[in-house]
Structures are given as C-alpha cells and as structure tokens.
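Given next, in structure tokens, is a single chain: the form predicted on its own.
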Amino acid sequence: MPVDVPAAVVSNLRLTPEYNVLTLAAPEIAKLAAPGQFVMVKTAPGLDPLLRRPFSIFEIMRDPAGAPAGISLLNKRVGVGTTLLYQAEAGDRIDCLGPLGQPFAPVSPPAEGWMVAGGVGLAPFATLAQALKARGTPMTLFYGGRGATDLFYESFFADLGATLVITTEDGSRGEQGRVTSPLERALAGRPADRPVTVYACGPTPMMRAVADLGVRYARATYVSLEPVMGCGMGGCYSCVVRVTRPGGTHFVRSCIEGPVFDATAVVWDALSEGHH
C-alpha cells in the first residue's frame, strides 16, 4: 500500500538552470519502491498549485548501514510546480504519496536489458539499472537528448556496468541524431537466439518508435508512459490510455495499470492524438 509522508528535503542538486535532483527523506516509500514506480508530489502548501504532480522515483537513497532512507527525483522546471521543486531548500517539507503504479520487471541472464531514455525519461532507469546489476544482467543505456546539457548521471550507469550509447540531436555529445538510430542498428545486429528486453521512457514519439522497432525485431518491449495525472490512485480518470486487450481496445488508468505497459498493447494513434 502507498504511504503519504511529509518528506524533508535532504539536498537539492541543481544540475543546470533547468534540471535538478531533489533528495527527500522518505524511508517509508524507499523500502517499498520497485523500479519504474512513481510518487505524487505536493509541490507547495495551499492551493497553488492545487494538484499533486507525478514523478518517477529516480534513486533509492540508503543510510550508512545500507537501509533505504529516502528517494530522489529528477526534475525539469517548466511550470509553477516544477519551479518550486527546483527552488526547494534543505529542510523544506514536501508531501509525497507513493510508491504508485506497476513497475518494470527486470530480466535475468541470459537475457540482456536495454534501456532507452530521452531527456528526463532517464528517471525510472536508475532503479532498474540497479535491479539488473543485482541479477547479473548485462545492460545497455541508449540515452538521447537535444544537446549535451540535457544529459546527466552517465557515470552512475557506467559504474553499474552499463554500456552507454549517447546521442544528441545537435551533435554536441555522442552520435548526432535520434536515440532510436543506434537502437535500430543494435537490434538488427542481434542474433535471434540471444534474448534482449527493451525498456523505454521519454517523449511519446520516441517511445512509439521504440515500440515499432520491438515489433519489427520481435523483442519484448516495455514503455513507461507519462500522461497527465490528477491523483495517482485511479479516482480522477485523468490519465486514461487506450490499450489492446482480448476482444478489442479498452481505456485503462495509467496510474493503476501502468505507468509501465507492454509496448505492443498501447494504441499509439490514440496516445499521439492526445486522447489521454
């Protein structure tokens, strides 16, 4: 069951004028969290902003004895709520409800885990990478951004043993182009008898392209969707997405049945048109 805690801000690492990593003391959430789950955050007391915001749990923070002590959030400030999180100071209290949602299922050897992240779509993969490492699963992070200033925490993944494939649209880091280009080459060169599971999070067009590649090369592919959420617990129906089920298509609540979905089940046309 999720818990609602007034989490103290432990630290606020401002990476750039847009991005920061906020560390919160929330051991009750940290000990329950699984890779890919999220929290609903009340960014300020009072009514402005009125609604909580969903954030993927980025890291599980641990005390010197190794016990779960808190979580971190990767934030990009784009509006009132995210700006408040960017400006938060140590000692501030931020209400957090979680962990919520369906997590990723980490694969074990001989399979490999390939993570595909676009921008802040990196957020659910820190905990997944740790879970893959714990299983001894070889992993690759395909990580793309508009430019070098949109890429962070590469050493974190490298230290876990991940192979890094970096792309930027402006060519300022790694290969110039979209992150799906090296992914497609890797899938095309992967023998059919060597299992790999693909996990993706980022802009909807990127995830749709990854889903298409998963179908083309017959690889299990999972996406973490990011629809607008009002409550995170299924009560407001603001986060519905259309998925394919036996007998037809159905609308489901992403906060309950997601945010992680089998990419082949998502009706991407409906998602692209904003019907969520």
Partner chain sequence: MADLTVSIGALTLKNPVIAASGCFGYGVEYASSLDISALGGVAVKGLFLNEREGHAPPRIVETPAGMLNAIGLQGIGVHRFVKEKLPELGRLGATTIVNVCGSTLDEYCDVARVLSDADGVGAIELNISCPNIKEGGIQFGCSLTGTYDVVSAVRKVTSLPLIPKLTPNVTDPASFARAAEEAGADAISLVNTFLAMAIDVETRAPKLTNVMGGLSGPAIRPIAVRMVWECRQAVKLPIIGMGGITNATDALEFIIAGADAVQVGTANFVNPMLWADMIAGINDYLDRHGIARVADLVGQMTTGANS
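Positions refer to the first chain, counted from 1. Every value quoted in this text rests on a predicted model; they were computed, and no experiment measured them.
The same protein also has a form predicted in complex with the partner chain, omitted here; what follows describes it.
Undergrad: Between 220, 61, 228, 34, only one gets a heavy atom within 4.5 angstroms of the partner chain in the predicted complex; which residue is that?
TA: Going through each option in turn, the one that passes is 228.
Undergrad: Does the 4.5 Å heavy atom contact test between residue 235 and the partner chain in the predicted complex come out positive?
TA: Yes, contact at 4.5 Å.
Undergrad: Taking the shortest heavy atom distance, is residue 267 within 4.5 Å of the partner chain in the predicted complex?
TA: Contact check for residue 267: no, nothing within 4.5 Å of the partner chain in the predicted complex.
Undergrad: Considering only heavy atoms, tell me if residue 213 and the partner chain come within 4.5 Å of each other in the predicted complex.
TA: No.
Undergrad: Would residue 97 count as touching the partner chain in the predicted complex under a 4.5 Å heavy atom rule?
TA: Taking the distances in the predicted complex, the answer for residue 97 is yes, it comes within 4.5 Å of the partner chain.
Undergrad: Is the partner chain in the predicted complex near all of 52, 240 and 256, within 4.5 Å of a heavy atom of each?
TA: Affirmative, all three are within 4.5 Å.
Undergrad: In the predicted complex, which of the stretches 25 to 33, 66 to 74, 203 to 211, 52 to 60 has residues with heavy atoms within 4.5 Å of the partner chain?
TA: Flagged stretch: 52 to 60.
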